[in-house]
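So this first bit is one chain, no partners, the form predicted on its own, shown in structure tokens.
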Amino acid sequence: MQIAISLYGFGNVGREFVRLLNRKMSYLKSRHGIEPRVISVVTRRGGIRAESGIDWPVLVSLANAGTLCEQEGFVGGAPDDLDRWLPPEDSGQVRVLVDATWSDLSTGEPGLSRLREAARRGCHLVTLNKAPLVADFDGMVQVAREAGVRLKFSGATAAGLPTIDTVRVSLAGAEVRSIEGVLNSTTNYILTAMSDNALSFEEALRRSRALGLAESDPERDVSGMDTAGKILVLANAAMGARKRLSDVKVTGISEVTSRQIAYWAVQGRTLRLIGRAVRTADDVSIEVKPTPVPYRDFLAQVTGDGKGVRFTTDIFGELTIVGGAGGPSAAAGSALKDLVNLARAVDGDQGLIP
């Protein structure tokens, strides 16, 4: 199966996705029978496109080079000019838009409108960009269903930690009654460093930046909004919550002090930024806040830049998953996983939205 990819976003994650595809090319063909080709790489200023696919040595060189707009073959143009960037409809290939861009969590733009239109044009979607799903999850699913395309988003809900795939496959048939988890690597590193090394919030944040965990502007992480977006998507996808970001109560970690950390340690607890969705009667409540977790709890063992999630169900009881890599490599790996599962679903014709 030949897969024609339009890659939106060429930051750390987009570049790592290209490197990963190149490394896995032989494996993907022999094990899964798929041959991905990157037709275009698109940024907000324009991009690079080749009708038959950009040569892999060129792609890898671009991934290891500087800004894309400074590279040979770059042409200016609006990223929303889909006629220019998407693979042609008559190519006979499976067409996929992989979104590794940034969008506003409240509006979902600019990614939301772009993904909707790509779906209407028959492109399958793999999004690492959670914002369109946060802003309009039901709408995104509906557009994909009406267009008969697949919508994959495991990289938008904690990357290397298998969350949505666990619910959709391993817990199929079960009612998810609650979801709670440590879903943000940056905040978990900060809280762990404050606990284990007696650091202040500011010093722990500086260390996380030095390690490349925190962005230059870490506000979305430390405010709890990144976790809020992830737990919201999970609640909507796994519990049918039909909630908006404004429905989520959010408290970040910027006001956490060393004294609070020490107080809870005496009580046999450690602070974690927990996103929690709980079904009560016919509603689902969603909250994000620093939470004292007993040392014996699995989520207390999620240290450093680790992540973990616990599902409570009606027929399988509790399932806790701890681990999964973080950072650009994990995000790129999630996109690759989604690509493989998308190809399987298309080949097997197993319903429109798996």
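Just count from 1 along the sequence shown to find any residue number. Please read these numbers as outputs of a predicted model, since none were measured by experiment.
Not pictured, yet referred to below: the form predicted together with a small molecule.
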Candidate stretches 235 to 243, 276 to 284, 85 to 93, 123 to 131 - the one whose heavy atoms come within 4.5 Å of the small molecule in the model of the complex: 123 to 131
Partner contact for residue 13 in the model of the complex: the small molecule, 4.5 angstroms, heavy atom: yes
Close approach of residue 53 to the small molecule in the model of the complex, 4.5 Å, heavy atom: no
Residue 333 within 4.5 Å of the small molecule in the model of the complex, heavy atoms: no
Any non-hydrogen atom of residue 155 within 4.5 angstroms of the small molecule in the model of the complex: yes
Contact residue in the model of the complex, chosen from 208, 163, 270, 101 - any heavy atom within 4.5 Å of the small molecule: 101
The small molecule: the contacting residue among 302, 39, 42, 309 in the model of the complex [heavy atom, 4.5 Å]: 42
